[in-house]
Ligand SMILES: Cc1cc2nc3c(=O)[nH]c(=O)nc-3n(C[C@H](O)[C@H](O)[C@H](O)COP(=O)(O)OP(=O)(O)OC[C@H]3O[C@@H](n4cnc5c(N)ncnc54)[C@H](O)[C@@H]3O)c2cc1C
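Okay, so here's just one chain, in structure tokens, the form predicted alone.
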Amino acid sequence: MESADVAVVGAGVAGSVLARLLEPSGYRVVLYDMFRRYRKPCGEVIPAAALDMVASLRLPVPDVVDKIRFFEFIDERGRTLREVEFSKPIWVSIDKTEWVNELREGLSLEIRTVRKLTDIEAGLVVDARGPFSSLGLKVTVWRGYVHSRDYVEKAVIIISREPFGIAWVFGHGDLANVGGGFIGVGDPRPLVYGMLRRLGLWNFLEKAYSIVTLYPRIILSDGYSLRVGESAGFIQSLGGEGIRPAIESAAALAYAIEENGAKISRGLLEAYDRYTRGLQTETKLANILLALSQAMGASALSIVGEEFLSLWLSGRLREVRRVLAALFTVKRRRGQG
């Protein structure tokens, strides 16, 4: 006998949002996770517009601890490459840990390690294990906090050419969220420490590691289960943004299930594919742009304008025509100069 209509393996953003969205429909949903309390290290920033999306889904809105409209891009030696100021906040820094734990409250959550999804008895199994089941290049990321009010409303992104990767400092209220990761580097902490100390930052708090997927492959189903969030490949390689794509893909799958039922079927897969077309486009374009950035390094920042940066930072890379137009316009102007 099936123990649930829907079993969601992984109670992070994607899994918890999906469970919350399916709950009002009367489905018996069970979340599986290794830990009672959620705590995955990350930068904790999302596009400001994502707050409206969360509210429209009738989900608890995360607490905002900072609004970010100043961006500074620097190289690994601390030299400024580019500064951009937007008229209004384009990012918000949230308390992600408390938000996900709030999403989990009241849901049926089983604390266990699931080795084989085929061992789960349910009408529909959803893989929401993030980087632990996604396909792509795995990069180790280190994250910490530091007491500093110097980064209120500000984000600093440090671009490293060799090894290729980024470190960051994001405003987070009375703290700054700091961290970084680099392709091919198993322990990024020493490199991040060196870069941040050039900015006068040390005495880091709540230090932790995680992994992210770069150049992800999009896989909506493995034949037995459906995938959502980073597990499905929905993470923006260009910068590692994963929270918003997790929310969007969870909402897309919830809509598909409501229309087609909680069983794998052709109709369910086609609906899920249709509802995630924008995310798929964004993921593929971000992979291409990341490859170009890896080849060009920090010089890539010198050929893109504020229009492109706005589209990228606000999570709108799926607007392909606007993205290409922004790049073309900059190239043409440079040629005229």
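Everything quoted here is computed from the prediction, not taken from an experiment. Heads up: residue numbers just count along the shown sequence, starting at 1.
The form predicted together with the named molecule is left out here; the points below concern that form.
By the 4.5 Å heavy atom rule, the three marked residues 66, 173 and 310 all fail to count as contacting the named molecule in the predicted bound form. Heavy atoms within 4.5 Å of the named molecule in the predicted bound form are found in exactly one of 130-138, 190-198, 68-76, 81-89, that being 130-138. Contact between residue 45 and the named molecule in the predicted bound form is found at the 4.5 Å heavy atom cutoff.
Put simply, residue 51 is far from the named molecule in the predicted bound form: not one heavy atom of it is within 4.5 Å. Contact check for residue 227: every heavy atom lies farther than 4.5 Å from the named molecule in the predicted bound form. Contact check for residue 269: every heavy atom lies farther than 4.5 Å from the named molecule in the predicted bound form. Only one of 210, 260, 148, 97 lies close to the named molecule in the predicted bound form, with a heavy atom inside 4.5 Å, and it is 210.
Site annotation in the predicted bound form: the residue of 251, 243, 103, 125 reaching within 4.5 Å of the named molecule with a heavy atom is 243. Taking a 4.5 Å heavy atom cutoff to the named molecule in the predicted bound form, the contacting residues in 94-123 are 96, 104, 112, 113, 114.
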